[in-house]
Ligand code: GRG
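Let's start with one chain on its own, the form predicted alone, as structure tokens.
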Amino acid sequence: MSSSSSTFQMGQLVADKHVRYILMSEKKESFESVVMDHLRMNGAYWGLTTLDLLDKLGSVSVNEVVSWLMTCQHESGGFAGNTGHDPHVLYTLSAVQILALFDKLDILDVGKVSSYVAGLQNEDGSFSGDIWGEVDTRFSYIAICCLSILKCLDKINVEKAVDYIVSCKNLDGGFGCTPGAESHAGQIFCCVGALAITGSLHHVDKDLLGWWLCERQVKSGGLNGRPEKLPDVCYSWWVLSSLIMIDRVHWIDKAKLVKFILDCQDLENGGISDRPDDAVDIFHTYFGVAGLSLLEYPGVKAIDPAYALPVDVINRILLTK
């Protein structure tokens, strides 16, 4: 995969090997599949979105995936991480995103799914992840993203949801999981993403947050999630998408980040790890490829920084009535 730009001459994305790695990861007898059994819905979303970004979604059986996915839905309307597990808003979003990839949202009872998600909003505008009540700004993003894809944002109090997210903003410009919690790149993505989807980015101090985010780049070119932490490929997504949404992505060295991601590849067996020479997994493979997509790496489809789905998928959904 050659590039006309000298920016990308430091290495190559071994896309075919990553595709093979993802398809092998879905084999039920693999170790990875066994330890991820309870969150298979997330794994399916990571793997399938990676395949779509590499233009290889046709490598999987749509009917097989969708049939399994629907066995994970509960009477409440929510989805579980796998058949026989409890529903949670996180797995519900992954299920909706997978159906969006396949252009199969029409098989959903949208009213039922959206009512499940909307029912998790609390009086203060925050969201619980499930019936057990844990509150986190991750769940605010997940609910808002899910309902936006389903075109049901009117089922929640958006103003209160935004106010709660803003209450989690810190003096450094970042956001935490609850009011007063420390800033973290993952939470920042969730809060900025939710604010972007609801048209509320005016609440963000873009220069202050942009500075905090660009400070996450370390000497190796990789990004970390908090000060003094090691770099990790997954922050190529959390930090980069946030910088793009607030128009400050030019504040980091993109070429060095591309090199860091490519250095985390298993060139022989496929897959991407958190750091060079570590064991690969499906989570970091997805976020590595998604990061390269945000960096406009040749041969990787464009991904939407707020919805975490390919741009063509989001356009298909949001530009149709």
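This one's a predicted model, so the numbers in the text were calculated from it and none came from an experiment. Quick note: we count residues from 1 along the sequence shown, nothing fancier.
Omitted from view is the form predicted together with the named molecule, to which the following refers.
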Joint contact, 141, 184 and 189 to the named molecule in the predicted bound form, by non-hydrogen atom at 4.5 Å: yes
Answer among 118-126, 105-113, 199-207, 230-238 for heavy atoms within 4.5 Å of the named molecule in the predicted bound form: the stretch 230-238
Just to confirm, residue 226 within 4.5 Å of the named molecule in the predicted bound form by heavy atoms? yes
If you check in the predicted bound form, is residue 308 within 4.5 Å of the named molecule, heavy atoms only? yes
Does any part of residue 98 reach within 4.5 Å of the named molecule in the predicted bound form? Heavy atoms only, please. no
Quick one: does residue 149 come within 4.5 Å of the named molecule in the predicted bound form, counting heavy atoms only? no
Partner-free chain; cross-checking the named molecule in the predicted bound form, the single residue of 168, 90, 72, 195 with a heavy atom within 4.5 Å is 90
Residues within stretch 191-214 having a non-hydrogen atom within 4.5 Å of the named molecule in the predicted bound form: none
